[in-house]
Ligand code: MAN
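Heads up, the chain below is alone and in the form predicted on its own; it's given as structure tokens.
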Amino acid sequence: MTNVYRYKENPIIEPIDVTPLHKNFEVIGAFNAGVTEFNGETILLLRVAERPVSTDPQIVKAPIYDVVNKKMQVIELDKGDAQYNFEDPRTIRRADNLGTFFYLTSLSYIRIARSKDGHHFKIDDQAFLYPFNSYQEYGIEDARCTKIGNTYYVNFSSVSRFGVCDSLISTKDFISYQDEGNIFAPENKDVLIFPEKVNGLYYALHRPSVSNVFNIWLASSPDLRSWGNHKQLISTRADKWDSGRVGGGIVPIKTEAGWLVIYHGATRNNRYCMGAMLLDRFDPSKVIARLENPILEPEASYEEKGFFGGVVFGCGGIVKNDTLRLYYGVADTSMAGCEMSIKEILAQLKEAKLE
């Protein structure tokens, strides 16, 4: 069992703390934030999900951003329409499950929250990343941030009719940014870029989705844009907490023992937890150990209840000596923070069996 100190202020950011950008929309999620430090502050690259307000419970609205004309469109669908599946409150899919056609019930973008103490945050009035090409017409989700040198690389899920791909921008000031393009094609997400080269190459974890199989893969690149040498790293485990899917969590942490990877896993019933594994320091394709049990699981009321309950979803962390300050989304609704000992996690991994 990993000792976890949850912040007494949790949830540290809730939807009510965020003013919507769009008229006649409501903020239903402020969660799954990428994390870094900049100019003495903790920066959360907050995913803000906004939904068009519907006064008719029979009507579900789907927002789509027209990037060319810079205009929001809202499609209205009747719950009685048999050609659509409305079971998941986050998505609208074809009832026959054929193809990849779907709509989202909200549109996400990235907004920055800033804090001097890591506990109390002020949220910028405007978006930092807002849909800027056709691969993002349904929104931008779940940013991760890796600092390499004096440049911050932010990758995120771009969502559109073409599926979910992973895109990359770079910034030095969190005001302006350079578009680095799409780095992983659909269906792929949960990308984590390592904070330094290993044997002359950049490395990244990624999670392709093929035939309802959701495993973590590893790729390498000479330039952060062209990725290859793909290898499956770990897979789901039957009858365990990560039996349904596994995917990246926070940017890998370099330790003397190897690369500490905090990842997310979910059951087939979509209960999300955070786990840990250790990769070889000089060859990240080698898994040294993997914990059998999660290090963080939904237990607090704000983790159990929300827009999509039973979810803890870590997207970023800050290391201070032996302390990992982990920021994580809860119930697809809000942000929370906690602290745990890196040495304690490594000690558990040392005792763990490789599965």
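Not measured: the values here are computed from a predicted model. Residue numbers run from 1 along the displayed sequence.
What comes next is about the form predicted together with the named molecule, which does not appear here.
> Partner absent here, but in the predicted bound form, which of 126 to 134, 87 to 95, 196 to 204, 232 to 240 has residues with a heavy atom within 4.5 Å of the named molecule?
Of the stretches listed, the one contacting the partner is 87 to 95.
> Is it the case that residue 111, even though its partner is missing from this view, gets within 4.5 Å of the named molecule in the predicted bound form, heavy atoms only?
Contact with the named molecule, no.
> Should residue 47 be counted as a contact of the named molecule in the predicted bound form, where contact means heavy atoms within 4.5 Å?
Answer yes; at least one heavy atom of residue 47 falls within 4.5 Å of the named molecule in the predicted bound form.
> With the partner left out of view, is residue 14 within 4.5 angstroms of the named molecule in the predicted bound form by any non-hydrogen atom?
Judged by the heavy-atom cut-off of 4.5 Å, residue 14 is well away from the named molecule in the predicted bound form.
> So in the predicted bound form, does residue 166 come within 4.5 Å of the named molecule, heavy atom to heavy atom?
No, residue 166 stays farther than 4.5 Å from the named molecule in the predicted bound form.
> Identify which of 104, 260, 218, 266 has a heavy atom within 4.5 Å of the named molecule in the predicted bound form; exactly one of them does.
That would be 104.
> Name the residue from 183, 154, 159, 277 that puts a heavy atom within 4.5 Å of the named molecule in the predicted bound form.
Selected residue: 159.
> The named molecule is absent from this chain, but in the predicted bound form, do 141, 189 and 332 each have a non-hydrogen atom within 4.5 Å of it?
Contact check passed for all of 141, 189 and 332.
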